[in-house]
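Listed next as structure tokens is one chain, alone, in the form predicted alone.
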Amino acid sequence: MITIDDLTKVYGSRTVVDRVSLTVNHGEVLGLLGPNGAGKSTVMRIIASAVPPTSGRVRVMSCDTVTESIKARRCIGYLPEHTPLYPDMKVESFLSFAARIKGGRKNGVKDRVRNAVIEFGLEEVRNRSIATLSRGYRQRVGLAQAMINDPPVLVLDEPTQGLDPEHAYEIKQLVKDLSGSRTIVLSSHVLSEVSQLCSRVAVLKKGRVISVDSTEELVSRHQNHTRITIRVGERLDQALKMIEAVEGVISASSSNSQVIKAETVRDRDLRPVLAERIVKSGIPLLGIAREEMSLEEVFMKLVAGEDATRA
């Protein structure tokens, strides 16, 4: 659905996108991650034909975003980070305007607007000026205009930024509902959101892609050790010494009277061994669980330069 080949964008003497190559398959949700200035928004603008690349090529459904810009744009619904709305227009009038300028059948505009108003929960504000809407409703209007012509590809730049938890949840549910039937590229600084929504993640740093994988594989590939949490009822010091003595335990520590955090070798699950020794010693075992490395930890590790490899 989307093919990016050796994409580069230069502003003056500053290279903001540096030889990026990616593919996004039908029905996939690809998340773009990276610190501020990594080039995420620029990549999305180029995909949406909002700005041209300095070199390289982007194709959306086989349409070149430069030489076949109009065809490519008809395949894309684009929500920029700062939603471009006309504040003096009423919601329904704006959506009608968006449907007309995006092309398609003129006699179907009313139906598309009516469906968008219902789908995005805009019935109560359909006749209100956009300037009077809350941030959450403005974001819904922005998404409605992106979807007004039922595009097969969606490009969403920080779709939940600035929203309260209720509105952010609604937007996330919408993206989940659309995944599979739409190809979606989105960026977000909320990494838990990326874990929930994206089938794959591309991490950018200084304009380059340094890792591309599913969130599960990304975490697995960069997790050098296994972390185990053990909760005991009493005799913490004895349990701590016993755990430290087990082969394969790299370190063990405790910050309160009941919980021990152990780091163990990655290729062995030591929970059965640890549980057996604790129970045989007569120490009450209240719980034992393996902790996975979070996407936030992997992200910080990557952007800090540890284990960063070109994709």
Partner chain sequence: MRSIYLKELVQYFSSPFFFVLACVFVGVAGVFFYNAVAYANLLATQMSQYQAPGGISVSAVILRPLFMDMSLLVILLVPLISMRLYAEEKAAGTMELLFTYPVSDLKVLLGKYLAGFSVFVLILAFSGFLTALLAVATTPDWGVVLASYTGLILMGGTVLALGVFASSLTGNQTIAAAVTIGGVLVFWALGWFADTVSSGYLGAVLRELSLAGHLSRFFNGLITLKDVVFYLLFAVFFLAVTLRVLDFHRCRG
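Numbering follows the first chain given and starts at 1. Everything numeric in this text was worked out from a predicted model, so none of it was measured.
Omitted from view is the form predicted in complex with the partner chain, to which the following refers.
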| query | finding |
| --- | --- |
| Candidate spot T226, V246 and A262, all three touching the partner chain in the predicted complex (heavy atom, 4.5 Å) | no |
| Answer option from L274, L33, A48, V58, heavy atom within 4.5 Å of the partner chain in the predicted complex | A48 |
| Contact residue in the predicted complex, from A116, I230, A98, L186 (heavy atom within 4.5 Å of the partner chain) | A98 |
| Location of the partner chain contact in the predicted complex, chosen stretch of 162-170, 89-97, 119-127, 193-201 [non-hydrogen atom, 4.5 Å] | 89-97 |
| 4.5 Å heavy atom contact, G27 to the partner chain in the predicted complex | no |
| P284: touches the partner chain in the predicted complex, heavy atom cutoff 4.5 angstroms | no |
| Contact label in the predicted complex: L240 to the partner chain, heavy atom within 4.5 Å | no |
| Residue contact check: L85 to the partner chain in the predicted complex, 4.5 Å heavy atom | yes |
| Contacts with the partner chain in the predicted complex - residues in 134-161 whose heavy atoms fall within 4.5 Å | Q145 |
